[in-house]
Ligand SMILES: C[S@@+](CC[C@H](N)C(=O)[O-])C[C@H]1O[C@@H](n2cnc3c(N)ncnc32)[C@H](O)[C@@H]1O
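One chain is shown next in structure tokens, namely the form predicted alone.
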């Protein structure tokens, strides 16, 4: 998928115009500190949420149009938004983060890219750091439709991070965007 083209055409159905209610609830209940990365940040709603919760947050997206639009939407955090590739992060992003906040980045990737996603997390998240994910486990796809979003079943999530991470929290949240009720899973992983 050409992510920049999707933003140029305004075909960003995943953008709900606000941060994930699940991520907001988690951060409200569990104070997290340090430097945070939001990969695939799009319009940076979760970056704003993270900064509001005291995190030193950076938003990363491969689509220059997404970053330009996010900077226009949120000029106060424009300097925190970076065009870049999670799979090959810039040297200054490597090993630089205490927390990674995941929302919609993984579900937008075809299954063949999941190992590359994991590698990108390994490159950016410090040992002992937290990967806080709102994982879109059960998207409502029409018969025969593949995605994005791509289904990401719980056993696949477990297998992807089985080596080198421990599960800190794991549950189906009681809040969601309309239409996503029961389709997401909050799982927090600590890098060993």
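Residue numbers count along the first chain shown, from 1. In this text the structure is predicted, and so the values were computed from the model without any measurement.
The form predicted together with the ligand exists for this protein as well; it is not shown, and the discussion that follows is about that form.
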Could you spot which one of 109, 81, 99, 121 gets a heavy atom to within 4.5 Å of the ligand in the predicted complex? 109
Where does the ligand sit in the predicted complex: which of 25-33, 123-131, 56-64, 155-163, heavy atoms within 4.5 Å? 56-64
Report whether the minimum heavy atom distance between residue 50 and the ligand in the predicted complex is within 4.5 Å. no
Contact test in the predicted complex: residue 92 vs the ligand, heavy atoms, 4.5 Å: no
May I ask you to state whether residue 87 is within 4.5 Å of the ligand in the predicted complex, using heavy atom distances? yes
is_contact(residue 170, the ligand) in the predicted complex, heavy atom dist at most 4.5 Å: no
Check each residue of 1-29 against the ligand in the predicted complex and list those with a heavy atom within 4.5 Å, in sequence order. 3, 7, 14, 15
